[in-house]
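Presented below, as structure tokens, is a lone chain in the form predicted on its own.
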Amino acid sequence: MGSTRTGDADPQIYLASRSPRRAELLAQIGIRFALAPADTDETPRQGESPRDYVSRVALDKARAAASALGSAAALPVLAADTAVVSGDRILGKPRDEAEALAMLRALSGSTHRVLTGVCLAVGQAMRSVVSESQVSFRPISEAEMRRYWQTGEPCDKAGGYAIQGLGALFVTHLRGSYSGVMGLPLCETGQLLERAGIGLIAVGEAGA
């Protein structure tokens, strides 16, 4: 289990993720958290829809983290999973250059979906939501794809790109949640946290 972010008071939740992007997004909305990443099987099941897939994996991560924490899980546990979907095909993290280039070719000059499932475990209760966004890419040349791979950015990113990084150079249009494409839709996540009694905007801070 990890520790709270430097300078934070006692955490409000556990974050079941190693993703620095999800940590940054939680910090953006002022949530104090401790890291409790959990390893789960993220292999899509036969006949499983992309929406069902991200929802299931987020739920599995939350359950696994809560189980590992045991009696220490006195706080809500937040987990998320993101999938880039081209047609009906889930594009995971590329294993090598050839796979990354194949993904970028599939996304080039077209519109794809990005689904992020979020699950908040509060005791035995599991509350889930799925955010769906549509992202359009301009045509990308083979030379651009190869140069992009050489930056190292696509290596650990679903779909082989990062919208918050150099991958933004390919995006012509986004419909939906920018933070959801990054890996944690803040509007939906905030609603789950509010329902769990975690206030996001302290009274008296607005307009100070």
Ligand SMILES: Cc1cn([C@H]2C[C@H](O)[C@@H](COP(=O)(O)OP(=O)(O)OP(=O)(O)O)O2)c(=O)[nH]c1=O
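The first residue of the shown sequence is 1; numbering continues from there. Every value quoted in this text rests on a predicted model; they were computed, and no experiment measured them.
Only in words, not in the display: the form predicted in complex with the ligand, which the text now covers.
The ligand contact at residue 82 in the model of the complex, heavy atom, 4.5 Å: Judged by the heavy-atom cut-off of 4.5 Å, residue 82 is in contact with the ligand in the model of the complex.
Residue 158 within 4.5 Å of the ligand in the model of the complex, heavy atoms: Residue-level check for residue 158: yes, a contact with the ligand.
Distance check, residue 60 to the ligand in the model of the complex, heavy atom within 4.5 Å: Residue-level check for residue 60: no, no contact with the ligand.
Touches the ligand in the model of the complex: residue 17 (any heavy atom, 4.5 Å): Flag for residue 17 set to yes.
Answer option from 174, 182, 64, 34, heavy atom within 4.5 Å of the ligand in the model of the complex: If I apply the 4.5 Å criterion carefully, the residue I get is 182.
Listed range touching the ligand, judged in the model of the complex by heavy atoms within 4.5 Å, from 26-34, 139-147, 43-51, 161-169: Careful reading of the contacts points to 161-169.
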